[in-house]
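The chain below stands alone and is given as structure tokens, in the form predicted alone.
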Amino acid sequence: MIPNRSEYLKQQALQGQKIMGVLPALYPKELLWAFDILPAEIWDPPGDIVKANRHLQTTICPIVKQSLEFILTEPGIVNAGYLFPHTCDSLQNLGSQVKDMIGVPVPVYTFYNPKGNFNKATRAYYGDILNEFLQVLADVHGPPDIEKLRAACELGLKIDGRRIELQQARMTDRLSLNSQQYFQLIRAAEFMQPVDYLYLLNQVEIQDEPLKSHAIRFLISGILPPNDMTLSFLDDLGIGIVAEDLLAGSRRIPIATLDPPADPIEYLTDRFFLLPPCSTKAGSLDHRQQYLKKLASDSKAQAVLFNIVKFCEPELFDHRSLVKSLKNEGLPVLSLETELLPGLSGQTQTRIEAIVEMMGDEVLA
């Protein structure tokens, strides 16, 4: 049911759709929808790094490298520009390089999310940058239609609500999807038209009663889920990822459903400040620790898997404290480092098998 990303976007471009390439991760997609712009998110495009290395240090995370490689070799799908949210210093610097030094034949936009512990001043700042970005888009695409903007927010609200329902169903064993299928569904939001995506979400059946519980229940945290081969390996071992704390996943979904939007800017501001804690927002580490502990408890997770993108400074900054905090709760922790390469290494297989063995027959019973 999930379309191929490349083929879907090529077909959209052939139909005259405006498509904007968006770098990870937090941005007001509803504003783009209101201007009939389809966001095509760039996280881990496939292919070898050939051209990007000449522009980047060797110690830059692979998301930045593969994103730049895509930008340098992209065959014309992106026609409405690129958007660089201020997710981390590396992505911010990449935006500056693409705009000021490398150059692309389409506009380059930035969106500076607030960082740190939030207060009234932070909320006012976020409302201001929403209005500024709205005006920037209007300068290129014409005046905004307030009713289209409100409708875009209402559509986003429906998608958020359904995502929350599916997350809860996953945590309570009421989805028949395996881990690979589930994360393919979640990541389809990165490129599909919102109406198409909502239809796809609504096709997923939530069972009235719990299905058979997984042999081992994992909570996963990180930027991206493991690749399909790793997820398939986890499924084969009877490891169910029953909850997730991923930047490409639940960290971009509010922790509660909002009221229908009356004022779109107010609604989008409320939505941003209801997002879960995240390393890229540089907020309270204690808040994030408590959030993960509660998520593990609510999902009855028996272990935690950190899927760390190599050289990801925001995640690595939080990682040591999070591991210590979760281990103090009696939760086994497995940390894997990924360079976003396809396949499953023998070392990764061994480490996954080792934590399963360590947890022992008592957990597997």
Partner chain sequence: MRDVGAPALMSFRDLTRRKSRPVPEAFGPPLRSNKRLKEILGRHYFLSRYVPGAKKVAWVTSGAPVELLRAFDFYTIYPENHSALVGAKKNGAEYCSIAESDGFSQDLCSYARIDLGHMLSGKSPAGKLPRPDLLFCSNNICQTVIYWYKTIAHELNIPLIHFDAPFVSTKQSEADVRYMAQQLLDMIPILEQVSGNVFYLNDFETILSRSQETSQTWGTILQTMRAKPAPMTIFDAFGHLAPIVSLRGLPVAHDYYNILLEELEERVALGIGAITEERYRLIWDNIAVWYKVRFLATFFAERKMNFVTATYTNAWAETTCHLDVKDPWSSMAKTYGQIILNNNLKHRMGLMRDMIKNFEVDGMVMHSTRSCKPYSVGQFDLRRALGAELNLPAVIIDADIADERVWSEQQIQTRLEAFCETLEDAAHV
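On a predicted model such as this, the values are computed, not experimentally measured, just so you know. Positions refer to the first chain, counted from 1.
The protein also exists as the form predicted together with its partner chain; that form is not presented, and the subsequent description refers to it.
Asks: Scan S90, Q167, Q180, T269 and let me know which has any heavy atom within 4.5 Å of its partner chain in the predicted complex.
Replies: Residue within 4.5 Å of the partner: S90.
Asks: Would you kindly say which of V106, I77, L285, A138 lies with a heavy atom within 4.5 Å of its partner chain in the predicted complex?
Replies: Selected residue: L285.
Asks: Is it true that P114, K310 and R320 each have at least one non-hydrogen atom within 4.5 Å of its partner chain in the predicted complex?
Replies: Spot residues vs its partner chain: full contact, yes.
Asks: Although its partner chain is absent from this view, report whether T59 comes within 4.5 Å of it in the predicted complex, heavy atoms only.
Replies: Contact with its partner chain, yes.
Asks: Can you work out whether I206 and its partner chain are in contact in the predicted complex, taking contact to mean some heavy atom pair no more than 4.5 Å apart?
Replies: Flag for I206 set to no.
Asks: Is the gap between K300 and its partner chain in the predicted complex 4.5 Å or less for some heavy atom pair?
Replies: The answer is no: K300 has no heavy atom within 4.5 Å of its partner chain.
Asks: If we define contact as a non-hydrogen atom of the residue within 4.5 angstroms of the partner, is H86 a contact of its partner chain in the predicted complex?
Replies: Contact check for H86: yes, within 4.5 Å of its partner chain in the predicted complex.
Asks: At 4.5 Å between heavy atoms, only one of the stretches 236-244, 149-157, 209-217, 115-123 reaches its partner chain in the predicted complex; which one is it?
Replies: Answer to the contact question: 115-123.
Asks: Let me know which residues along 88-107 have a heavy atom within 4.5 Å of its partner chain in the predicted complex, or say none if there are none.
Replies: Sequence-ordered list: C88, D89, S90, Q92, N93, L94, S96, Q97, K99, D100, M101, I102.
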